[in-house]
Structure formats: C-alpha cells, structure tokens
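Only one chain is shown below, in structure tokens, and it's the form predicted alone.
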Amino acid sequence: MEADYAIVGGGVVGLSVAWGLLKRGKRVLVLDGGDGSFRASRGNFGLVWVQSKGMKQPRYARWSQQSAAIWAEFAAELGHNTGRAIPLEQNGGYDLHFSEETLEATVRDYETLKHRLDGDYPYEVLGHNALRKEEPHIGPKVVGAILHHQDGHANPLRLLQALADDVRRLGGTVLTGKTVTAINKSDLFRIACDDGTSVEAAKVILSAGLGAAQLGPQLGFKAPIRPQRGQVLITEKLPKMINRPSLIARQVDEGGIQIGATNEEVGLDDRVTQPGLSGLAAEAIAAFPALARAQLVRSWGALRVLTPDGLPIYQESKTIPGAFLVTCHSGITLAAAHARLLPDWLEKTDKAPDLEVFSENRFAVS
C-alpha cells in the first residue's frame, strides 16, 4: 500500500493533519495503535484554550489564537460532512484564583504578554462580586478570576469521531490496531508494524504522541518527549450551574461536570489514585461549593505529551528529508491549525506558517 503521506498516530493530532492533507488532494494513510496504547485524545480536558499559552514564547500564543479563531468554522464543516455535531462554546474561560497575590502576579504576566502581542490579548479581571454575577454558584474562597475572551471548550470525543469519519469519507485509509516498530527509507519510506503489516509512502509524519520518543530517533529526531499524568473526575448530569469553563471545572454539553486535572510526573502510569482524586474534588468544591452534593460517576487518568518547554515540535528531519515530527500537548486547541494551516507548512507552499521557533533546534546544547 503506497501513499503520499503515511501518518503514524491516529489521535486528534494525526487525524487533523490527515484531514487537511486529504482536502489538498493528497493520498493519506493513517496507522493507529491498539487499544492498549496511551491515548491523550480520549482522556483530555476538552478545552480550546488561549489563556496562559506562550508566556515565554509569544509565537505559541499567536499560534493558539490563530487556531481558536478558526475552530468554529472547522467544527461546523466536520459536523456538516459527517452528521456528527461537535458541541463548542467559545464565550471565554476563567483562570480562577484563591488569593489576591496569585491573581495580581498573573495579571502582571498577562500584561507583559499582551504588550508583546501588540495588545491582541483580550482579557479582563473580575473581582469576586463581578465574578459572582457571571457565575452565581462560585464559592466565597474564590477572590477573583481572569476572564479571557478567546477561550472555550468542546466535546473532544465527538471531534475524534468526526475526524475519523471524515478522513475516511475523503478517501483516507485508517488502519487500526497497528503498532509501528520500524521506519526505513530507500526511495520510499517503508513502515513496519508488529503484526507484519508493511506500508510505503513518499513522506511520513510522526504524530504518535508518547510513541515518538521511541520512533523519533529512527528518523533523526531527538523527540525529547515525556509523559505527565492528569487525573479527571466526572459528575452526574446536573442542571446548568457553570457558565464558562476553567482549568478547575467545566460543565460539558451533556450536563456532567468535568473536574481536573492533576499534573503528575509519574512516568507511564495512567492509573487514578485516591490522593489525586481527593485533591481535585477539594479544589472543585472550594470553587463551586454546590459540587459537594454531586454524585461522581467516573474518573480516569491519562498521559499528556510534553516537551521540555511545553511547546509543540514541528520539525522536518535534517538527516532524512520527507520525515516530519508533529507533536504537542494541546491537540484539541490546535486541531483547527493542524487541519487548516499545517498542511501548507508540510507542503512548503507560499502560505506556509513560520514555525521555526517550534523546531528541535531550540533543544540544541551550545
């Protein structure tokens, strides 16, 4: 089986890129791992988030803003094509604070970033009383919040399903249950899987999340990627009580409240723990006391895909041209950019975004 592009990794990142390339008439093959694979796409928090991104690298803030700005149109097209609506709200999001000191420090950081973005960073600071008008269920321990107007949230599982459906509708091939073990290149890239499957492609994109750490060096990449565990809680379906999402809690389109998430350096361990879940519950109740009466229906742990500085990596191999590494921990936020804008970078068109700051060169030791 031969394709213009073989994409290793069938999560939101890989499928978004596949969708964009198929829209440009490319033949695309996606190799997705088995059910035992670590899958950030199925365990994430579902935020379309600009706030706090790129505090030390404004290009990342811009990239997140670009993606957030085209997310609604992207989701609408997927929904129209597949009949799978992707619930999306982009009415802003909160950074909730329990102390005046942390709120003031964050505002100072945001003002610095806003200046570096030429003023394009629309946020406002809400004291407790102003916040309570927006969120009547907010608790007295919350001293205030930063409301960023470019933020929102979506249903990530609906996005994943719609992408998979539309990639196939556009003529893409998605092979599931395929664990890639080796990638070699002669005239074409030959990709071998542990079940004996072998495919060929003119170019290859490595978007396998944590799997890139093992496969990357075969293609000349450093791939300095590590896992970070995030645990999440889900309540029963409740009447509307949270109007906008925050990093502490969001009310999903189906009514349940998603509470999260931890940030734990525990290696490849995606289990839930009682201390982790208890900490999440306590913080959520401090923010929204009414949650103390809510029934919890499920919990999970999932692994983020992080680079040393938290920024994405977009890199063509210096030693094996035609091999690309595409990885990030904000696959939902950046899905629209990966689908609409990244293919121009892959194809080196005159519309290609400048992504040089996201290359692996930034990890070089002087």
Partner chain sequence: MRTFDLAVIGAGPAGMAAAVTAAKHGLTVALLDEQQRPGGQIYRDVDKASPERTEVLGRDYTHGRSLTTALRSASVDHIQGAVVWAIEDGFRISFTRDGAASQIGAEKILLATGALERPMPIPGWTLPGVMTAGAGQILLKQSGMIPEKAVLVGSGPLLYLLAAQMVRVGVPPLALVETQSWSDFKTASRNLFGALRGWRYLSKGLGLHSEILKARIPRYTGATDIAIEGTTNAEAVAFTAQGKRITLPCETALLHHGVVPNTQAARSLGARHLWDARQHCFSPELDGWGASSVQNLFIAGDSAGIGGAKAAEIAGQLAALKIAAECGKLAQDELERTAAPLKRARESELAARPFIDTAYPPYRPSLLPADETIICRCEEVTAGEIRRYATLGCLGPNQTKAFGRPGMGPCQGRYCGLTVTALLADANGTTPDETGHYRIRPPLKPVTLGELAAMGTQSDKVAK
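Small disclaimer: the values here were computed from a predicted structure and weren't measured. Positions refer to the first chain, counted from 1.
Form predicted in complex with the partner chain: not shown, discussed below.
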Have a look at L157, V143, A85, V125 for me and say which one sits with a heavy atom within 4.5 Å of the partner chain in the model of the complex.
L157
Counting non-hydrogen atoms within 4.5 angstroms of the partner chain in the model of the complex, say which of V266, A213, L296, L188 makes the cut.
L296
Does the partner chain come within 4.5 Å of a heavy atom in each of L21, L29 and L170 in the model of the complex?
no
According to a 4.5 angstroms non-hydrogen atom cut-off, is D165 in contact with the partner chain in the model of the complex?
yes
Answer for G79 alone: is it within 4.5 Å of the partner chain in the model of the complex, judged on heavy atom distances?
no
Taking heavy atoms and a 4.5 Å cut-off, does G34 contact the partner chain in the model of the complex?
yes
Residue-level question: is P58 within 4.5 Å of the partner chain in the model of the complex, judged on heavy atoms?
no
Interface stretch in the model of the complex with the partner chain - options 91-99, 69-77, 235-243, 111-119, non-hydrogen atom within 4.5 Å:
235-243
Residues of 261-278 having any heavy atom within 4.5 Å of the partner chain in the model of the complex, listed in sequence order:
D270, R271, V272, T273, Q274, P275, L277, S278
